[in-house]
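Only one chain is shown below, in structure tokens, and it's the form predicted alone.
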Amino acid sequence: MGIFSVYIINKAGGLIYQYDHISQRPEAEKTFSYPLELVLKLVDDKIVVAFGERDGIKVGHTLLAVNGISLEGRYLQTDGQDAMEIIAAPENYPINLKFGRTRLTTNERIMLASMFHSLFAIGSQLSPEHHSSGIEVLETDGFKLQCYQTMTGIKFIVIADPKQTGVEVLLRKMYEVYSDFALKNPFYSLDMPIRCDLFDTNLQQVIETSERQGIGNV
């Protein structure tokens, strides 16, 4: 069981806070000789495995690092070299490549938060019940998403293991932390991104306690 990540979305649909508690994205690292046994392609300026699976590397995995240097899209973070050009050159072999699930960029997280905000509103409008809430729970085999919306329209979202219990209690505890360490902070502006060390620390403590105790003694 575990809490994967949390999101806070303001009433306009803007992402004001995001925290990854557990990285549920397995990574696979291997040293390859020339020619490369995998077929790679560019998708949204990221290098993705199109064909070939081995040693935990699967089709759809994204190239994360080359020779220990992390990538920003298709380019090395250190000097901006194109990783596709490095991989294509025989003189660069043997070469160490790390693959894994795609890491969301800040812009992608902002876009997804806005999309969920819209889906939440659509769910409320489609409901046959008057004054129905929007989407509160989405569950899959690999994770569950649970949302709590306050009276002022702030949405607290937790993405957790499907077996994790006590998520509803955690969501309300997150609201308490938000009220105590964001809203009462004289330097915080309402509906703006939350940047406060005390908020970070107390939120992490609440999440860790929720994971340990499971049900409700957060």
Partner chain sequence: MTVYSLYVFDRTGTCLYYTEWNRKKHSDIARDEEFKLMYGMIYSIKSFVNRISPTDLKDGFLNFKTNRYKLNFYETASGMKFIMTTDLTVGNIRDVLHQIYSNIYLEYVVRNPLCELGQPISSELFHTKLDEYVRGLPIFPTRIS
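Numbering follows the first chain given and starts at 1. Each form is matched to the other, and the largest set of C-alpha atoms that superpose within 1.5 Å is called the rigid core. These figures come from a predicted structure and were not determined experimentally.
Although it is not shown, the form predicted together with its partner chain is what the next lines describe.
**Student:** Quick check on P26: any heavy atom within 4.5 Å of its partner chain in the predicted complex?
**Tutor:** Flag for P26 set to yes.
**Student:** Could you confirm whether G142 comes within 4.5 Å of its partner chain in the predicted complex, counting heavy atoms only?
**Tutor:** Taking the distances in the predicted complex, the answer for G142 is yes, it comes within 4.5 Å of its partner chain.
**Student:** Classify A89 as contacting or not contacting its partner chain in the predicted complex by the rule of any non-hydrogen atom within 4.5 angstroms, answering yes or no.
**Tutor:** Looking in the predicted complex, residue contacts with its partner chain do not include A89, since no heavy atom lies within 4.5 Å.
**Student:** How about P128 - does it come within 4.5 Å of its partner chain in the predicted complex, if we only consider non-hydrogen atoms?
**Tutor:** Contact with its partner chain, yes.
**Student:** For a quick test of understanding: in the predicted complex, does each of L42, K46 and P193 have a heavy atom within 4.5 Å of its partner chain?
**Tutor:** No residue of the spot touches its partner chain in the predicted complex.
**Student:** Exactly one of S133, Q81, N96, T105 has a non-hydrogen atom within 4.5 Å of its partner chain in the predicted complex; which residue is it?
**Tutor:** When its partner chain is considered in the predicted complex, the option within 4.5 Å is S133.
**Student:** So its partner chain isn't shown here. In the predicted complex, which residue out of I159, V66, I154, L171 has a non-hydrogen atom within 4.5 Å of it?
**Tutor:** It is I159.
**Student:** Only counting heavy atoms and a 4.5 Å limit, does any residue of 88-122 reach its partner chain in the predicted complex, and if so which ones?
**Tutor:** If the 4.5 Å heavy-atom criterion is applied to its partner chain in the predicted complex, 88-122 yields R101, L104, M111, L112, M115, F116, L119, I122.
**Student:** Answer yes if the CA of E139 moves 2 Å or more between this form and the one not shown after aligning the rigid core, and no otherwise.
**Tutor:** False for E139: its C-alpha shift is below 2 Å.
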